[in-house]
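Here's a solo chain for you in structure tokens, the form predicted on its own.
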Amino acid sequence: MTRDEIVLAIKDIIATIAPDEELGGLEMEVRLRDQIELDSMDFLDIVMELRKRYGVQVPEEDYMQLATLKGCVDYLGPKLESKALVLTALKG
């Protein structure tokens, strides 16, 4: 996956978990929780969805690296480079 596809994948997972949130204006370096309504259970759902869709295990000690979209791209990039984008909530 490319960096842009990783952003799209994360937005799609968020859209699945929090369908009422507007995701078009998300900033890359601002904490996701500061931009949209996500609680700790929503965050765990994001982590679980990453595992379900892409087989990516995120250990609890790495959760903070997923706080921003940029952090998600940096952390997930090497783990997703050979994976295909899966969209369920957003229209590609």
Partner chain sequence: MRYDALILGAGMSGLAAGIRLAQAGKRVAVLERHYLWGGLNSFYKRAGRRFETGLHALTNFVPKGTPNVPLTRILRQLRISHDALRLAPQRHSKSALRLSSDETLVLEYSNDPARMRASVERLFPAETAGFERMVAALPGYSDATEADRTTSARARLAEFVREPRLVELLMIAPLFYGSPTERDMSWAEYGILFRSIHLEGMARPEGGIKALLDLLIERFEAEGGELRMRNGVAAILHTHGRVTGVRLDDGTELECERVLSSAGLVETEALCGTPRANEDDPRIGRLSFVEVCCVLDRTPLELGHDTTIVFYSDSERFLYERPETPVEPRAGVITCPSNYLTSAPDPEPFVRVTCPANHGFWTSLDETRYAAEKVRAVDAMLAAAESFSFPIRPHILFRDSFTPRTIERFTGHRGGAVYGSPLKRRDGQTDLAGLELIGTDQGLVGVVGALLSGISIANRSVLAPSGGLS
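Just so we're clear, the structure is a prediction, and the values are computed from it rather than from any experiment. Numbering follows the first chain given and starts at 1.
Only in words, not in the display: the form predicted together with the partner chain, which the text now covers.
Note to self: Can you tell me if Arg31 lies within 4.5 angstroms of the partner chain in the model of the complex, counting non-hydrogen atoms only?
What the structure shows: Because no heavy atom of Arg31 falls inside 4.5 Å of the partner chain in the model of the complex, the answer is no.
Next item on the list: Please run the contact check for Asp62 against the partner chain in the model of the complex: heavy atoms, 4.5 angstroms, yes or no?
Entry: Close contact is absent here: in the model of the complex, Asp62 is far from the partner chain, nothing within 4.5 Å, heavy atoms only.
Next item on the list: Would you please decide whether Asp39 lies within 4.5 angstroms of the partner chain in the model of the complex, comparing each non-hydrogen atom pair?
Entry: Looking in the model of the complex, residue contacts with the partner chain include Asp39, since a heavy atom lies within 4.5 Å.
Check: Within a 4.5 Å heavy atom cut-off, is Pro19 in contact with the partner chain in the model of the complex?
Finding: The answer is yes: Pro19 has a heavy atom within 4.5 Å of the partner chain.
Notebook entry, point to check: Counting only heavy atoms, which residues in 35 to 72 are within 4.5 Å of the partner chain in the model of the complex?
Noted result: Residues within 4.5 Å: Glu37, Leu38, Asp39, Met41, Asp42, Leu44, Asp45, Met48, Glu49, Arg51, Lys52.
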